[in-house]
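Take a look at this single chain in C-alpha coordinates; it is the form predicted alone.
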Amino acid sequence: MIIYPVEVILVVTGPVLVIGAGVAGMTAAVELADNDVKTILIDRKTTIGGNALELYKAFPTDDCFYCFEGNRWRPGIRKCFYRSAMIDQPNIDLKISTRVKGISGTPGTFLVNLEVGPQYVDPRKCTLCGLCTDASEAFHLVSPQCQPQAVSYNPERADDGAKKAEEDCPTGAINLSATQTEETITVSDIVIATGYHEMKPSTIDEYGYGKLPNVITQLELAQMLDPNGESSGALLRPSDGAQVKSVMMIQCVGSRDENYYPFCSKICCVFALKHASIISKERNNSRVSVVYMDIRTYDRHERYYRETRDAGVEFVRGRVSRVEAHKDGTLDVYVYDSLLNKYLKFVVDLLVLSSALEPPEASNELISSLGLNSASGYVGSADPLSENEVVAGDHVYACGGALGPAEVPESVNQARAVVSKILQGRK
(Lines give C-alpha, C1' and ligand atoms only; values in the text may rest on other atoms or scores of the structure.)
Protein backbone atom coordinates (compact mmCIF):
# COMPACT_ATOMS: atom_id res chain seq x y z
CA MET A 1 0.00 0.00 0.00
CA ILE A 2 1.33 3.40 -0.98
CA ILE A 3 0.93 6.11 1.63
CA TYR A 4 0.82 9.57 0.13
CA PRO A 5 2.03 12.51 2.20
CA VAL A 6 -0.73 14.66 3.58
CA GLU A 7 -0.34 18.38 3.25
CA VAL A 8 -1.01 20.07 6.59
CA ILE A 9 -2.66 23.47 6.26
CA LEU A 10 -2.46 25.68 9.33
CA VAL A 11 -5.64 27.67 9.76
CA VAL A 12 -5.09 30.81 11.80
CA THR A 13 -8.01 31.51 14.13
CA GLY A 14 -6.60 33.72 16.89
CA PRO A 15 -7.74 37.28 17.59
CA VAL A 16 -6.46 40.24 15.59
CA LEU A 17 -4.81 43.24 17.23
CA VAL A 18 -5.61 46.64 15.70
CA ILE A 19 -3.25 49.37 16.92
CA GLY A 20 -4.85 52.79 16.61
CA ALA A 21 -8.55 53.62 16.71
CA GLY A 22 -8.87 56.35 14.11
CA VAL A 23 -10.94 56.05 10.95
CA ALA A 24 -8.81 53.23 9.51
CA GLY A 25 -8.51 51.30 12.77
CA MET A 26 -12.22 51.55 13.57
CA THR A 27 -13.16 50.46 10.05
CA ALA A 28 -10.88 47.42 10.23
CA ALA A 29 -12.13 46.47 13.71
CA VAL A 30 -15.82 46.78 12.82
CA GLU A 31 -15.53 44.79 9.61
CA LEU A 32 -13.43 42.06 11.22
CA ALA A 33 -15.95 41.84 14.06
CA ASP A 34 -18.86 41.64 11.63
CA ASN A 35 -17.07 38.69 10.03
CA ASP A 36 -16.95 36.96 13.41
CA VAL A 37 -13.25 37.61 13.98
CA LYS A 38 -12.31 38.43 17.56
CA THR A 39 -10.60 41.82 17.50
CA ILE A 40 -8.62 43.72 20.13
CA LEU A 41 -8.72 47.44 19.33
CA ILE A 42 -6.35 49.68 21.30
CA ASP A 43 -5.66 53.39 21.39
CA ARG A 44 -3.33 55.45 23.56
CA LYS A 45 -5.97 58.14 24.15
CA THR A 46 -8.98 58.05 26.48
CA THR A 47 -11.35 58.22 23.53
CA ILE A 48 -11.20 56.84 20.02
CA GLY A 49 -11.55 58.66 16.72
CA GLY A 50 -7.97 59.78 16.10
CA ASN A 51 -7.47 62.87 13.95
CA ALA A 52 -11.12 62.79 12.88
CA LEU A 53 -12.10 63.93 16.35
CA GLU A 54 -10.27 67.23 15.80
CA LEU A 55 -10.92 68.12 12.17
CA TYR A 56 -14.50 69.45 12.08
CA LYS A 57 -15.82 68.92 8.52
CA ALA A 58 -14.57 66.06 6.37
CA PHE A 59 -13.54 66.39 2.76
CA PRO A 60 -14.66 65.55 0.13
CA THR A 61 -18.23 65.46 1.56
CA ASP A 62 -18.06 68.36 4.06
CA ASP A 63 -19.93 66.19 6.56
CA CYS A 64 -19.10 65.74 10.21
CA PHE A 65 -15.92 63.66 10.28
CA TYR A 66 -17.80 60.98 12.14
CA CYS A 67 -20.44 60.65 9.43
CA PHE A 68 -19.24 58.69 6.45
CA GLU A 69 -19.99 55.42 4.71
CA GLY A 70 -20.80 52.80 7.29
CA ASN A 71 -20.41 49.05 7.24
CA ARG A 72 -21.81 47.45 4.11
CA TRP A 73 -23.56 44.72 6.11
CA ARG A 74 -25.56 47.20 8.12
CA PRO A 75 -28.73 48.96 6.99
CA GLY A 76 -28.49 52.53 5.74
CA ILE A 77 -26.04 54.32 3.51
CA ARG A 78 -24.15 56.36 6.07
CA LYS A 79 -23.22 55.68 9.66
CA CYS A 80 -21.94 57.73 12.57
CA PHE A 81 -19.10 55.77 14.19
CA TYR A 82 -19.89 57.18 17.61
CA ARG A 83 -23.31 55.53 17.39
CA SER A 84 -21.93 52.15 16.37
CA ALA A 85 -21.60 51.10 20.02
CA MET A 86 -18.07 49.72 19.76
CA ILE A 87 -17.85 49.07 23.46
CA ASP A 88 -20.90 46.78 23.12
CA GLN A 89 -19.74 44.87 20.01
CA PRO A 90 -19.19 41.31 21.33
CA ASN A 91 -16.29 40.61 18.95
CA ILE A 92 -14.41 43.85 19.77
CA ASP A 93 -12.35 44.19 22.93
CA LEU A 94 -11.74 47.95 23.12
CA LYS A 95 -8.83 49.08 25.27
CA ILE A 96 -8.36 52.84 25.66
CA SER A 97 -5.34 54.56 27.27
CA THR A 98 -3.33 51.59 26.05
CA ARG A 99 -0.05 51.29 24.18
CA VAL A 100 2.16 48.46 22.93
CA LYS A 101 5.14 47.96 25.22
CA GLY A 102 6.73 45.01 23.41
CA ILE A 103 6.13 42.37 20.74
CA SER A 104 7.64 38.88 20.59
CA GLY A 105 6.65 35.45 19.33
CA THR A 106 6.24 34.49 15.69
CA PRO A 107 3.83 35.45 12.88
CA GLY A 108 0.48 33.85 13.60
CA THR A 109 1.22 33.69 17.33
CA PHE A 110 2.48 37.13 18.31
CA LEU A 111 2.91 37.80 22.03
CA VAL A 112 2.09 41.46 22.65
CA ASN A 113 2.77 43.17 25.96
CA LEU A 114 0.28 45.99 26.57
CA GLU A 115 0.60 48.88 28.99
CA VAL A 116 -2.87 49.92 30.07
CA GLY A 117 -3.16 53.35 31.63
CA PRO A 118 -5.24 54.08 34.73
CA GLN A 119 -8.96 53.69 34.03
CA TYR A 120 -10.19 56.62 36.11
CA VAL A 121 -13.68 56.56 34.57
CA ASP A 122 -15.52 53.35 33.67
CA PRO A 123 -17.20 54.11 30.32
CA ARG A 124 -19.77 51.35 30.89
CA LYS A 125 -20.98 53.07 34.04
CA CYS A 126 -20.70 56.73 33.01
CA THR A 127 -24.10 58.22 32.12
CA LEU A 128 -22.85 61.72 31.22
CA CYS A 129 -24.96 63.17 34.02
CA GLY A 130 -22.64 66.18 34.26
CA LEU A 131 -22.13 66.03 38.01
CA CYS A 132 -18.34 65.55 37.80
CA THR A 133 -17.76 68.18 35.10
CA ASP A 134 -19.69 70.69 37.22
CA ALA A 135 -17.68 69.79 40.31
CA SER A 136 -14.15 69.85 38.86
CA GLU A 137 -12.22 71.06 35.82
CA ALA A 138 -10.29 67.78 35.94
CA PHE A 139 -13.24 66.11 34.22
CA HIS A 140 -14.26 66.95 30.67
CA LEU A 141 -16.09 65.53 27.68
CA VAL A 142 -13.58 65.36 24.82
CA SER A 143 -16.30 65.72 22.20
CA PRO A 144 -20.06 65.21 21.94
CA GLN A 145 -19.24 62.53 19.35
CA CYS A 146 -16.57 60.78 21.42
CA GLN A 147 -16.56 57.02 21.77
CA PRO A 148 -16.82 55.65 24.39
CA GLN A 149 -19.51 58.09 25.44
CA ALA A 150 -17.94 58.98 28.77
CA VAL A 151 -16.07 61.83 30.41
CA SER A 152 -12.28 61.82 30.71
CA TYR A 153 -10.22 62.67 33.77
CA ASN A 154 -6.96 64.63 33.78
CA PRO A 155 -5.05 64.01 37.03
CA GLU A 156 -2.85 67.05 36.39
CA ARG A 157 -5.89 69.26 36.98
CA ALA A 158 -7.06 67.44 40.11
CA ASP A 159 -8.68 69.56 42.83
CA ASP A 160 -10.97 69.15 45.84
CA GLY A 161 -13.96 68.95 43.53
CA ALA A 162 -12.56 65.84 41.84
CA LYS A 163 -12.62 63.85 45.07
CA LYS A 164 -16.15 65.02 45.82
CA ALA A 165 -17.22 64.01 42.31
CA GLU A 166 -15.83 60.52 42.93
CA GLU A 167 -17.78 60.25 46.17
CA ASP A 168 -21.03 61.59 44.71
CA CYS A 169 -20.99 59.77 41.34
CA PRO A 170 -24.41 58.07 41.23
CA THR A 171 -23.14 55.03 39.31
CA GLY A 172 -19.73 54.65 40.94
CA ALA A 173 -18.01 55.17 37.59
CA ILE A 174 -15.07 57.20 38.99
CA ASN A 175 -11.98 55.67 40.60
CA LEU A 176 -9.27 58.26 41.23
CA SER A 177 -7.05 55.57 42.79
CA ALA A 178 -6.81 53.61 39.53
CA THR A 179 -3.27 52.59 38.54
CA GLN A 180 -1.45 51.52 35.41
CA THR A 181 -1.47 47.80 34.60
CA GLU A 182 0.16 45.46 32.10
CA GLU A 183 -1.13 42.43 30.26
CA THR A 184 0.17 40.08 27.59
CA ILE A 185 -2.07 38.90 24.77
CA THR A 186 -1.60 36.36 21.97
CA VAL A 187 -2.79 37.45 18.52
CA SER A 188 -2.58 35.95 15.05
CA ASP A 189 -2.38 39.20 13.07
CA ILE A 190 -1.41 42.79 13.76
CA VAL A 191 -2.98 45.77 11.99
CA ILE A 192 -1.08 49.05 12.37
CA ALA A 193 -3.39 52.06 12.08
CA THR A 194 -1.46 54.60 14.11
CA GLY A 195 -2.28 57.59 11.89
CA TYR A 196 -0.22 60.77 11.69
CA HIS A 197 0.51 63.91 13.72
CA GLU A 198 0.55 67.54 12.72
CA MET A 199 4.04 68.99 13.07
CA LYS A 200 4.30 71.89 15.52
CA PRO A 201 6.58 74.32 13.61
CA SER A 202 8.05 76.11 16.63
CA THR A 203 11.60 75.62 15.32
CA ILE A 204 10.93 77.43 12.03
CA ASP A 205 11.82 80.94 13.15
CA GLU A 206 10.42 83.01 10.27
CA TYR A 207 6.80 82.22 11.16
CA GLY A 208 6.89 82.93 14.89
CA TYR A 209 4.78 79.92 15.85
CA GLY A 210 4.77 79.44 19.62
CA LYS A 211 5.87 83.05 20.13
CA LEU A 212 3.13 85.03 18.39
CA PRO A 213 -0.35 84.02 19.64
CA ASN A 214 -2.06 84.86 16.35
CA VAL A 215 0.05 82.33 14.45
CA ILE A 216 -1.66 78.93 14.53
CA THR A 217 -1.76 75.64 12.58
CA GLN A 218 -4.51 74.18 10.39
CA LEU A 219 -5.50 71.73 13.12
CA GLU A 220 -5.86 74.58 15.61
CA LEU A 221 -7.94 76.48 13.04
CA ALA A 222 -10.21 73.44 12.58
CA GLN A 223 -10.83 73.37 16.33
CA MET A 224 -11.59 77.09 16.23
CA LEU A 225 -14.12 76.66 13.40
CA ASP A 226 -15.86 73.76 15.13
CA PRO A 227 -19.20 74.88 16.65
CA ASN A 228 -18.45 72.52 19.56
CA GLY A 229 -15.14 74.28 20.26
CA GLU A 230 -14.28 76.93 22.83
CA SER A 231 -15.33 79.82 20.58
CA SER A 232 -18.49 78.01 19.37
CA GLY A 233 -17.26 78.30 15.80
CA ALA A 234 -16.55 82.04 15.89
CA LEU A 235 -13.33 83.11 14.18
CA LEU A 236 -11.55 85.04 16.95
CA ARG A 237 -7.94 86.10 17.45
CA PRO A 238 -6.26 84.03 20.19
CA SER A 239 -4.43 87.14 21.48
CA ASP A 240 -7.46 89.22 22.45
CA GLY A 241 -10.65 87.51 21.23
CA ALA A 242 -11.24 90.15 18.56
CA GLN A 243 -13.11 89.25 15.38
CA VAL A 244 -10.78 88.02 12.62
CA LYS A 245 -11.24 90.04 9.44
CA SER A 246 -8.29 88.73 7.43
CA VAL A 247 -6.59 85.33 7.33
CA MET A 248 -3.43 84.21 5.55
CA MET A 249 -2.54 80.54 5.10
CA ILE A 250 1.00 79.34 4.41
CA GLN A 251 1.44 76.01 2.64
CA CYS A 252 4.29 73.46 2.86
CA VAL A 253 5.48 74.44 6.34
CA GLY A 254 8.03 71.77 7.21
CA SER A 255 7.05 69.53 4.28
CA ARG A 256 8.92 69.41 0.97
CA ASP A 257 11.78 70.74 3.07
CA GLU A 258 15.10 68.89 3.35
CA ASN A 259 15.59 70.39 6.83
CA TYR A 260 12.43 68.72 8.15
CA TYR A 261 10.33 66.42 5.93
CA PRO A 262 11.32 66.12 2.26
CA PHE A 263 8.02 64.53 1.25
CA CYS A 264 4.74 66.22 0.33
CA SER A 265 2.11 65.73 3.02
CA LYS A 266 -0.46 65.15 0.27
CA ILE A 267 -3.63 66.43 1.90
CA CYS A 268 -2.46 69.76 3.38
CA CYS A 269 -3.65 71.72 0.35
CA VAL A 270 -7.12 70.24 0.68
CA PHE A 271 -7.17 70.98 4.44
CA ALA A 272 -6.31 74.61 3.71
CA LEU A 273 -8.80 75.03 0.86
CA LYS A 274 -11.56 73.42 2.90
CA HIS A 275 -10.97 75.92 5.69
CA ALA A 276 -10.58 78.82 3.24
CA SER A 277 -13.95 77.91 1.75
CA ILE A 278 -15.63 77.73 5.16
CA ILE A 279 -14.19 81.09 6.25
CA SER A 280 -14.95 82.96 3.03
CA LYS A 281 -18.52 81.66 2.82
CA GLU A 282 -19.62 81.22 6.44
CA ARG A 283 -17.59 83.52 8.70
CA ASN A 284 -18.74 87.09 8.06
CA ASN A 285 -16.95 87.29 4.71
CA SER A 286 -13.50 87.38 6.26
CA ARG A 287 -10.76 87.88 3.66
CA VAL A 288 -8.54 84.85 2.99
CA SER A 289 -5.25 84.58 1.14
CA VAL A 290 -3.12 81.48 0.52
CA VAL A 291 0.65 81.51 -0.04
CA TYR A 292 1.72 78.35 -1.86
CA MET A 293 4.53 76.62 -3.73
CA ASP A 294 2.20 74.39 -5.75
CA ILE A 295 -1.50 73.72 -5.19
CA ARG A 296 -1.94 69.96 -5.21
CA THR A 297 -5.64 69.14 -5.30
CA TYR A 298 -5.68 65.67 -6.74
CA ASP A 299 -8.75 63.87 -8.07
CA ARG A 300 -12.16 65.32 -7.09
CA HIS A 301 -10.61 67.87 -4.72
CA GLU A 302 -10.00 70.24 -7.62
CA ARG A 303 -13.45 71.64 -6.87
CA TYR A 304 -12.15 73.13 -3.60
CA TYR A 305 -9.60 75.13 -5.54
CA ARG A 306 -12.15 76.36 -8.07
CA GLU A 307 -14.77 77.19 -5.45
CA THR A 308 -12.37 79.12 -3.23
CA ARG A 309 -11.11 81.17 -6.18
CA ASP A 310 -14.72 81.93 -7.14
CA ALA A 311 -15.39 82.93 -3.51
CA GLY A 312 -12.62 85.54 -3.68
CA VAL A 313 -9.75 83.74 -1.94
CA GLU A 314 -6.44 85.27 -3.06
CA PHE A 315 -3.61 82.91 -4.11
CA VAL A 316 0.01 84.06 -3.99
CA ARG A 317 2.76 81.84 -5.36
CA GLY A 318 5.85 82.41 -3.26
CA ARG A 319 7.43 82.11 0.16
CA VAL A 320 7.15 84.01 3.44
CA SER A 321 10.38 85.71 4.51
CA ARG A 322 9.34 87.09 7.91
CA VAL A 323 6.42 87.93 10.19
CA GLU A 324 6.21 90.95 12.50
CA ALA A 325 3.59 91.60 15.18
CA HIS A 326 1.96 94.92 16.13
CA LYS A 327 0.62 95.94 19.52
CA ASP A 328 -2.94 95.88 18.17
CA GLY A 329 -2.58 92.13 17.42
CA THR A 330 -2.26 92.40 13.65
CA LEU A 331 0.64 90.80 11.79
CA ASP A 332 2.80 92.12 8.98
CA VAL A 333 3.63 89.21 6.67
CA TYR A 334 6.35 89.74 4.09
CA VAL A 335 6.03 87.46 1.06
CA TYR A 336 8.24 87.00 -1.99
CA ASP A 337 5.85 86.61 -4.97
CA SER A 338 7.69 84.41 -7.47
CA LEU A 339 5.30 85.28 -10.31
CA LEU A 340 5.66 89.03 -9.89
CA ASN A 341 9.32 88.70 -8.84
CA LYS A 342 8.86 91.18 -5.99
CA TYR A 343 8.28 91.34 -2.24
CA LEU A 344 4.76 92.07 -0.94
CA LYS A 345 3.55 93.04 2.53
CA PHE A 346 0.22 91.81 3.90
CA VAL A 347 -1.48 92.90 7.12
CA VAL A 348 -3.55 90.07 8.62
CA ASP A 349 -5.30 89.20 11.86
CA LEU A 350 -4.52 85.48 11.77
CA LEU A 351 -1.67 83.50 10.17
CA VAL A 352 -2.40 79.78 9.65
CA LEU A 353 0.42 77.34 8.94
CA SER A 354 -0.23 74.18 6.92
CA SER A 355 2.32 72.07 8.76
CA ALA A 356 3.84 68.79 7.67
CA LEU A 357 1.99 65.64 8.67
CA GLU A 358 4.50 63.48 10.48
CA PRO A 359 4.44 59.85 11.65
CA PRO A 360 3.63 59.32 15.34
CA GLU A 361 6.43 58.49 17.78
CA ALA A 362 5.18 54.91 18.17
CA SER A 363 5.85 54.16 14.49
CA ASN A 364 9.60 53.74 14.88
CA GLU A 365 9.19 51.32 17.79
CA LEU A 366 6.66 49.17 15.90
CA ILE A 367 8.71 49.21 12.69
CA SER A 368 11.83 48.16 14.60
CA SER A 369 10.23 45.47 16.78
CA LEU A 370 8.44 43.83 13.83
CA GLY A 371 11.32 44.23 11.38
CA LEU A 372 9.25 46.26 8.90
CA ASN A 373 10.29 48.60 6.13
CA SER A 374 10.23 52.32 6.85
CA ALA A 375 9.01 54.92 4.37
CA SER A 376 10.07 58.36 5.64
CA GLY A 377 9.14 57.24 9.15
CA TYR A 378 5.81 55.72 8.16
CA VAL A 379 5.21 51.97 7.78
CA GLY A 380 6.46 50.77 4.41
CA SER A 381 5.03 47.93 2.32
CA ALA A 382 6.80 44.57 2.51
CA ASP A 383 7.13 44.63 -1.28
CA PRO A 384 6.98 48.23 -2.56
CA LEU A 385 6.77 47.01 -6.17
CA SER A 386 3.67 44.89 -5.59
CA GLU A 387 0.07 46.05 -5.43
CA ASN A 388 -0.24 44.80 -1.85
CA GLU A 389 0.34 48.21 -0.27
CA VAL A 390 -1.31 47.22 2.99
CA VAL A 391 0.87 44.13 3.58
CA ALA A 392 3.72 45.25 5.82
CA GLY A 393 5.02 41.81 6.82
CA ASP A 394 4.02 38.22 7.60
CA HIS A 395 0.63 38.56 9.32
CA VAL A 396 1.32 42.29 9.75
CA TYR A 397 -0.70 44.96 7.92
CA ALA A 398 -0.95 48.74 7.86
CA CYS A 399 -3.65 51.11 6.68
CA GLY A 400 -4.69 54.75 6.72
CA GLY A 401 -2.28 57.34 8.06
CA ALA A 402 0.13 54.63 9.24
CA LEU A 403 1.20 54.30 5.60
CA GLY A 404 1.38 58.08 5.16
CA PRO A 405 -1.05 61.01 5.05
CA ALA A 406 -4.41 59.82 3.71
CA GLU A 407 -7.95 61.13 3.43
CA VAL A 408 -11.00 59.34 4.87
CA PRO A 409 -12.16 57.37 1.78
CA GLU A 410 -8.59 56.20 1.12
CA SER A 411 -8.15 55.13 4.76
CA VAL A 412 -11.44 53.23 4.69
CA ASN A 413 -10.53 51.44 1.45
CA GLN A 414 -7.12 50.45 2.82
CA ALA A 415 -8.71 49.14 6.03
CA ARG A 416 -11.12 47.03 4.00
CA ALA A 417 -8.21 45.71 1.94
CA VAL A 418 -6.53 44.63 5.19
CA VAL A 419 -9.69 42.85 6.33
CA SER A 420 -9.91 41.07 2.98
CA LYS A 421 -6.31 39.85 3.32
CA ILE A 422 -6.89 38.56 6.85
CA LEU A 423 -10.11 36.78 5.90
CA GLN A 424 -8.42 35.17 2.90
CA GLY A 425 -5.78 33.76 5.24
CA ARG A 426 -8.49 32.09 7.34
CA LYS A 427 -10.27 30.15 4.59
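Start at 1 and count along the sequence shown; that's the residue number. As the structure is a prediction and not an experimental result, all values here were calculated from the model.
The same protein also has a form predicted together with a small molecule, omitted here; what follows describes it.
Query raised in the report: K57: heavy atom within 4.5 Å of the small molecule in the predicted bound form?
Result: Contact check for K57: yes, within 4.5 Å of the small molecule in the predicted bound form.
Query raised in the report: Even though the small molecule is not shown here, does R44 get within 4.5 Å of it in the predicted bound form, heavy atoms only?
Result: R44: yes, in contact with the small molecule in the predicted bound form.
Query raised in the report: Going by a heavy atom distance of 4.5 Å, is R317 a contact of the small molecule in the predicted bound form?
Result: Although the small molecule is absent here, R317 would stay clear of it in the predicted bound form, with no heavy atoms inside 4.5 Å.
**Report entry** Interface membership of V391, the small molecule in the predicted bound form, 4.5 Å heavy atom rule
**Finding:** No, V391 is distant from the partner.
Requested in this report: Given that the partner is absent here, state which listed stretch (343-351, 232-240, 269-277, 105-113) has heavy atoms within 4.5 Å of the small molecule in the predicted bound form.
Outcome: So the stretch in question is 269-277.
**Report entry** One residue of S289, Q218, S136, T330 in contact with the small molecule, assessed in the predicted bound form (non-hydrogen atom, 4.5 angstroms)
**Finding:** Going through each option in turn, the one that passes is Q218.
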